[in-house]
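Quick heads-up: it's one chain on its own, the form predicted on its own, in C-alpha cells.
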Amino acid sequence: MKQFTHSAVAIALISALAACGGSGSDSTPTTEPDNSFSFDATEMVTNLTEDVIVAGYNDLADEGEAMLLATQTLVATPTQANLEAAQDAWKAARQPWEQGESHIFGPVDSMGIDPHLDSWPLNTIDLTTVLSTTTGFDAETIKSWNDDVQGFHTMEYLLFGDGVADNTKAIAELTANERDYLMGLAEVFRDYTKDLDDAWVVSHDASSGKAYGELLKNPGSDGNTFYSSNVGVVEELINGMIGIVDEVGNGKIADPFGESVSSADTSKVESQYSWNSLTDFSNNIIGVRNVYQGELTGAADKQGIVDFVAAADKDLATRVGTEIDNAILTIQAIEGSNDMPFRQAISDTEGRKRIQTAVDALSKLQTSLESDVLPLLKTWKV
C-alpha cells in the first residue's frame, strides 16, 4: 500500500512534469531551417557574358552591316526584289535586338543606344516634314536629329508602309528621297550597333575604360566601380529578365490591348507597319530563356540562371523554365489559325481571348521571377 502510494506520487510528478513540458521546451531555442545554398557563379557569369550577351550584340552589329548593304543595293538598283531584301534585313536585325532586351543594362543604357535605335512611337509628322524639306541625307546630320525620326521604326515605316491594310509595299511607292533617307538611316543604325558591340568587347566608354564584358565577368577587380561581387551581377541579370517580362505583358501588349474592344488602340502597337509585333514579343521572352538557360537557341548547353536556381531549389528551376516556354508559346498562339497580326487581334473577339491567355502567362512568370527567384539572392552563401 505504501509502495503504491509512492508510485502514485511518482506518477503524479511525472504527469506534472509532462504537463509542464510545454513551458520547459519554451526555453529551448527554436532552430530555423537552413535554406541557404552554395553556388559558384563564375562559370555562369562568364558564359552569359560571352555566349549570350556579347554573342547577341555581335550578331546585331553584323545585321546592322547587312542592313546598310541592303539599302545601298536598293538605292543603286531600286527593284521590288531589292526592296523585299531590305525588308528581310530589317527583320533579321530586329531578332538579336529584341532578344537582347532581356539584358538591357550597361552600355545600351549609358550610351543612349536604346532610344537611338528603338524609339517608339514614330513621329510621323516630323518625318513627313523632313522628307518634304530635306535632300541629300548624311549620317552625321541624322544623328543630330531627334530619336523619333531615326532608328528601327523610321526604317520600318519607309520599308513597309503604314501597315493599316497590309504590310507590303511596291517599289513604285518608295520615292528616291525616301530611299536616300533610308540609306542614311541604315548607316546611322550600323554605327550605333557597332558602338554597342565595341563597348562590350573593347571599351565601355569608347575611351580608356575597360570593356563592359570584362567588368561584368570580374566583379570586385581593381577599378571596377560597376560590380563589387557576383551578387550584384546575378541581381542585374535577374532584374533584366523581370524588366522585359513586365514590359511585354504590362506595356507592349497591355497598352494597345486596353480594357475592351472599344478601348483597343492600334496606334500603340509596336512594329505595326511590318506586322512584326508578335515576333518581337516572342523574341523578347526567348531572350529571357537565353539568359535563363545560358545559351542562344540551338547552341550547346552552358550554365545559366537555371543552374543558380537549381542549386537552391530544383523544382523551382524546372517550374520557371516551363513558365518561360509557356509564355513564348501563348504569345505565338495569338495569331491563331489565320496568321492574324497583333494589331488586328486586339480588335477581334477570339484574338482578345488568346491575348489574355498570353498576358496571364507573362504575369505568372513575372511573379515567379520576382517572388521566388530574386529572393534566392538572400539565401545564397557567397
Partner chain sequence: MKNMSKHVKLNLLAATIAGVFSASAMSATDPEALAAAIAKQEAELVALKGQLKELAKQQREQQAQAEQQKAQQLEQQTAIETVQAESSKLSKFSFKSYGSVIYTNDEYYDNVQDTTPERRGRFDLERIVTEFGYQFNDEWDMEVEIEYEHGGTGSSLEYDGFDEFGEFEAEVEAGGEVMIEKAQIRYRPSDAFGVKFGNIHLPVGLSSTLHKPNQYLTVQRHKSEAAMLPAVWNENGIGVFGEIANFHYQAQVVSGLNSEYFRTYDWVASGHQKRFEHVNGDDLAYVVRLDYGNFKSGSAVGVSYYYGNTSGNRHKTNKMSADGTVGILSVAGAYVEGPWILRGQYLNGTLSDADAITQANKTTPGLKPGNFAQLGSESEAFFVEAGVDLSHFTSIPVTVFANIDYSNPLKEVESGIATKRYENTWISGGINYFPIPEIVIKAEAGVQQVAVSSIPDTNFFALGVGYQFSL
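Numbering follows the first chain given and starts at 1. The structure displayed is predicted, hence computed values, not measured ones.
From this point on, the text means the form predicted in complex with the partner chain, which you will not see here.
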Listed residue (168, 134, 239, 73) with a non-hydrogen atom within 4.5 angstroms of the partner chain in the predicted complex: 134
The unique member of 224, 123, 203, 80 whose heavy atoms fall within 4.5 Å of the partner chain in the predicted complex: 123
Location of the partner chain contact in the predicted complex, chosen stretch of 267-275, 231-239, 308-316, 290-298 [non-hydrogen atom, 4.5 Å]: 267-275
Contact flag, residue 105 vs the partner chain in the predicted complex, heavy atom cut 4.5 Å: no
Any non-hydrogen atom of residue 217 within 4.5 angstroms of the partner chain in the predicted complex: no
4.5 Å heavy atom contact, residue 280 to the partner chain in the predicted complex: no
Exercise: residue 209 in contact with the partner chain in the predicted complex, heavy atom 4.5 Å: no
Any residue of 218-256 that, in the predicted complex, places a heavy atom within 4.5 Å of the partner chain: 247, 251, 252, 255
